[in-house]
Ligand SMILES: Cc1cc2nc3c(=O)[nH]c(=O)nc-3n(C[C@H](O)[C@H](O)[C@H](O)COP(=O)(O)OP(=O)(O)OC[C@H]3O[C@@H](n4cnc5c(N)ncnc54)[C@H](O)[C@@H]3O)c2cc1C
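What follows is one chain in structure tokens, specifically the form predicted alone.
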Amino acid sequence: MQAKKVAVVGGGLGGLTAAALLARGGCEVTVYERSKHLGGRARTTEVDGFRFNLGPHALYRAGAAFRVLERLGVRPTGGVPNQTGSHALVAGRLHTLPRGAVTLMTTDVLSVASKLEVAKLLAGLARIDTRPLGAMSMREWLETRLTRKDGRALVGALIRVSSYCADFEALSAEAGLKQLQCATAANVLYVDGGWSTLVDAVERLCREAGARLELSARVEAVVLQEGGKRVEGVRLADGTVHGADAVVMAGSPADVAALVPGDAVLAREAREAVPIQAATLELGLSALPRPDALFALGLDGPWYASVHSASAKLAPEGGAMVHVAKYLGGADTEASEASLDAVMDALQPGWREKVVARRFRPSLTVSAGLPRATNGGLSGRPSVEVPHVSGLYRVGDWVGAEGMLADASLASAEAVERALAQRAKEPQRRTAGA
């Protein structure tokens, strides 16, 4: 890759990954982060020895993020959630959550007919070709493939926990099923120390590769030339302009549109984006009242609870770090703190006496944009290259045709690396053919 000056706007995990890849490839990279801290939604804070992520985070071991981190030499430590201690939550009561052939046949949340239907679907899940399903909604696919309500409820819950998305009218069946395939292929990893350990590792790689990291540096706009058709650099809030051959914008659709004022295409993408959101309750407990109850998944509602510290180092000795969530979406856009408390009442009766630290977020953005069926699913998402502005790129969990959540973010960072490498070859080809 030819050496180029690249400005990366945003120091979240996606922006840092793009910076590390480009700096390793020979680019002169500067990262501009508007806050005092790197990491974005991958930040982790410590409270009384408990490591609080921003909501429940899981790294899909068969996903793009794991692959890209491995390319960089980052090898996260942690643990895979235990198959034991898992429950289905129905009407406020715990039941056996089907996690394999035996539990599927013994659970009381499915009728005999539904057990056979679900077993057949899950047995063939990995072989489902999701490519033709981009324009089909997740709800339509479930109703087409499963004839019984209880079976749809179980499979729908598995898709929710894999995609963090409860809006099945909007979610593309292609995207939802690919997430479920990814989750079932190799499960997930809860990361020791929280996701800030990933941020720290990629930050270190950026610095080792020569990238400059500027904190408390808010980019006000991308500077364009040639009538707005080519990147010239970035202008900071203090008025200074820094030249660049390419600008990589790592943020939400609204963040990207704000950096290029007056761009109708980017403004429309920002208006049409549908974020994935959740209400979250994070709990640091001195001990678990029920050490054998580690996970609950709602079948009659979009509920989730998981003791992350059972798999990863996130709590002091003897303590427990627990994440509770309600997946929001569609007409269901809010949740009370009391409703999340009730999920914990079912999983861990007596937990209130063990609380050391707690944090409730009524509406946490999990992803800046879900892959919608009306847009054609994953292939209908915006590309990493802004087609009408040369040298302008974007990275995020709403960009590119691969993955959701952190997988999409890091896959798009890798795609920017490929696009800039391809761009560097084009003048050489033109010269050779002249």
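The model shown is predicted, which means the values in this text are computed figures rather than measured ones. Note that residue numbering follows the sequence shown and begins at 1.
A second form of this protein, the form predicted in complex with the named molecule, is not displayed here; the remarks below concern that form.
In the predicted complex, at least one heavy atom of A58 sits within 4.5 Å of the named molecule. Interface membership of R41, defined by any non-hydrogen atom within 4.5 Å of the named molecule in the predicted complex, is confirmed. Using a 4.5 Å cutoff between non-hydrogen atoms, R34 counts as a contact of the named molecule in the predicted complex. Contact check for L378: every heavy atom lies farther than 4.5 Å from the named molecule in the predicted complex. Not one of A175, P371 and G403 places a heavy atom within 4.5 Å of the named molecule in the predicted complex.
Interface residue among V191, A250, V247, L283, judged by heavy atoms within 4.5 Å of the named molecule in the predicted complex: A250. Residue V219 is the only one of V307, V219, M138, C206 with a heavy atom lying within 4.5 Å of the named molecule in the predicted complex. Contact with the named molecule in the predicted complex, judged as any non-hydrogen atom within 4.5 angstroms, is confined among 392-400, 379-387, 44-52, 22-30 to 392-400. Of all the residues from 179-195, the single one having a non-hydrogen atom no more than 4.5 Å from the named molecule in the predicted complex is W195.
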